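Given as C-alpha cells, the chain that follows is alone and in the form predicted alone.
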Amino acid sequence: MIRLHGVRFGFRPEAALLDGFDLDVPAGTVTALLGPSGSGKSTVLRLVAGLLTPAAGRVDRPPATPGRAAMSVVFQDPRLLPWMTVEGNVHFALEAAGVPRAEWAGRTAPLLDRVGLSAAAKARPGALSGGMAQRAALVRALALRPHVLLLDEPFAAVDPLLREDLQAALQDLLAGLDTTVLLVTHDIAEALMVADRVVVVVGRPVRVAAALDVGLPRPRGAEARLSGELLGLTRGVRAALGS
C-alpha cells in the first residue's frame, strides 16, 4: 500500500501546502485524489513518486521486486521519445528497469494489442494522435509491471469523448492486475468511473474533505455513468468540494 503520515511540505518554508497530511491507498486498489486546480493533488503524487521530499512526516511505498518496478508514472503529456517508435519507447523503459531483453516482446505486444496499437508499434510519436500517444504512455508504464501506478491527470489534454475511450482503455489494462493506482484528477465523472475510492482534497494547507467508496465492480461500462449509485456519489463529491 501507499501511506502518507503527518506529511509537511511547502515550496516556501513560510507557506506549507501540506501540514500533517495523511493518506492511505490500499494495496491493489484504484484511488482517485480529486480536488480543484491548484489544490496540491499533483504535489501529493510527486511526494509519493519521490520527486519531492517532505519537510516532515513519512511516505511509505512498496519496493521494487524481481521483474516488477516499484512504481511508474503517466503524466498529462505522454512524454514519448520522438526519435523512437512506439515499441522502442516501451523497450527503452524496460531496458532502463533492467528487464531482460528476452522478455521485452512478451511484455510489449500483448499490451499494445489490448489498447489497439499493434498496427502502430513501428510508428514514431509524431505520427500518433493524442489519444494514441497517451495509450502508448500507459503501455510503457504497465509493461514495467509496477507495484504502484501513478497517474497525474493523464487524460486532461484530450476532448471529452476521447477521454471516455481512454478511461475504458485504462480499466481494461488494469483488469486482473494487483497494481495499486493513485489517479490525480479534477474530473468527478472520471474519478467515479475509474476508481474504487475517491478522496476529495480542499483548502490550504490541503486537507481531506471526504473519502467515498464507489462500490461498483470494475471495469465499468458507459451505462454506469447514469446509474443511481454514481449520480448519488457525484452529489457527495460536489458537497465535499464545497466544504
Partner chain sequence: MKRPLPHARFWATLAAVLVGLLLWEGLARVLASPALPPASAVARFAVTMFQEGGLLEDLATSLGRVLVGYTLAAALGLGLGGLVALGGTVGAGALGAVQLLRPIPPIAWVPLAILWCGLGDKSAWFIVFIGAFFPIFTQVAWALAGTPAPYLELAQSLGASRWLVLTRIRFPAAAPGILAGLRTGLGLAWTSVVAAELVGAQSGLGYRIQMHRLVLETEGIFVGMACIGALGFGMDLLARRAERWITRGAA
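From a predicted model like this one, the values you see are computed outputs, not experimental measurements. Residue numbers count along the first chain shown, from 1.
Not on display, but discussed next: the form predicted together with its partner chain.
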Residues in which of 76-84, 157-165, 110-118, 128-136 have heavy atoms within 4.5 Å of its partner chain in the predicted complex? 76-84
Contact test, all of Gly50, Glu95 and Arg140, partner its partner chain in the predicted complex, heavy atom 4.5 Å: yes
Residue within 4.5 Å of its partner chain in the predicted complex by heavy atom, from Arg204, Arg68, His186, Arg46, is Arg46
Taking its partner chain in the predicted complex as the reference, which of Leu151, Leu144, Ala169, Val148 has a non-hydrogen atom within 4.5 Å? Leu144
